[in-house]
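The chain below stands alone and is given in structure tokens; this is the form predicted alone.
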């Protein structure tokens, strides 16, 4: 028990050091790039909370990050690596929009449910394909998930800019979905909607699955030591395939709720790196669903702060990319260090 608490303390301290380092990078970058650094720092850190519009939009951007963080966490818990999150998010949004456009006259609740369900199933099948290849032929899921994701993005772009393009829209996008399929907004005038409730329910469900069920125990054990799990009678192939299904389903839901709740059509490139950011969210959260929410909040805050500083001061949005790159570097360094340390102890 004492060792477990010490381990948790070490993990928490590592996360806090990473977040503190990120804050330092923000401040140093602002002093280098801005002619009015103190004003820029104010807008970066305080701007996202300036009014209901900024705060609500920041919280709304947390929702897809929660879903992608959960998706990546499921894969990582089983020692599987899903690099196709971006394509799965994009596909989820496109499928949700397509379903809503195909059934424009259904009651809103039924239409929303069907759109989310079909998107989740399609995302699960897309990621599950990489899991199946790994289970059947030991194909590297890093490569297959990434390649399938890239192919999907270009394929969906073809449909958005071609057969499904809305000529009345100034953006490259599909037609708008019927208003009864819009997720209810709960914090006007911002875009925050009831998808935040769906995301919280998904977090609770994920935590229950991973830590309160036999399925979750076997999945985590397979990820920690597949040979030991096999010796204990666990079907290893099952926990290569199923975590990728979960991962793809959550990633696709990130895109689906973005379309149904925010854009109300599938805009070319709407995912905008959410799939990749989900990897960082999962790593910050140490693949714990309960910690995904604060990790997603932190990432959304960085983006919102950069937007606020860009609008009100003299820095560009790229400052957010700098901070994210540092976070990725620090987190992956810690993961690699811990991995080598475990091997050394063995």
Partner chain sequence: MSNTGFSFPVIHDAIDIMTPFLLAGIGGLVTELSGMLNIALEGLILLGAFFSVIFASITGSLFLGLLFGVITTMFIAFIFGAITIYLKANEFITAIAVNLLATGLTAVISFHFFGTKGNLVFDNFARLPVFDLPALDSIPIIGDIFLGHNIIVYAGWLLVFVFWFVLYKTPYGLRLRGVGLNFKAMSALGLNPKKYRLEAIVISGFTCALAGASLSLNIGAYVPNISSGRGWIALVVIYLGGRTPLGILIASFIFALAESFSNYAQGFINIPADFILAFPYIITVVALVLVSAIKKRQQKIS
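Here the structure is a predicted model, which is why all the values come from computation and not from measurement. Residue numbers count along the first chain shown, from 1.
We do not show the form predicted in complex with the partner chain, though everything after this point is about it.
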The partner chain isn't shown here, but in the model of the complex which of 197, 114, 101, 143 has a heavy atom within 4.5 Å of it? 143
Only hit among 161, 180, 79, 190 for heavy atom within 4.5 Å of the partner chain in the model of the complex is 161
Does residue 133 reach the partner chain in the model of the complex, with heavy atoms at most 4.5 Å apart? yes
For residue 147, is any heavy atom within 4.5 Å of the partner chain in the model of the complex, or not? yes
Is residue 321 close to the partner chain in the model of the complex, meaning a heavy atom pair under 4.5 Å apart or at it? yes
Partner contact for residue 203 in the model of the complex: the partner chain, 4.5 angstroms, heavy atom: no
Out of the stretches listed (120-128, 148-156, 101-109, 249-257), which one is close to the partner chain in the model of the complex, meaning heavy atoms within 4.5 Å? 148-156
Scan 253-278 and note down the residues that get a heavy atom within 4.5 Å of the partner chain in the model of the complex; none is a fine answer too. 276
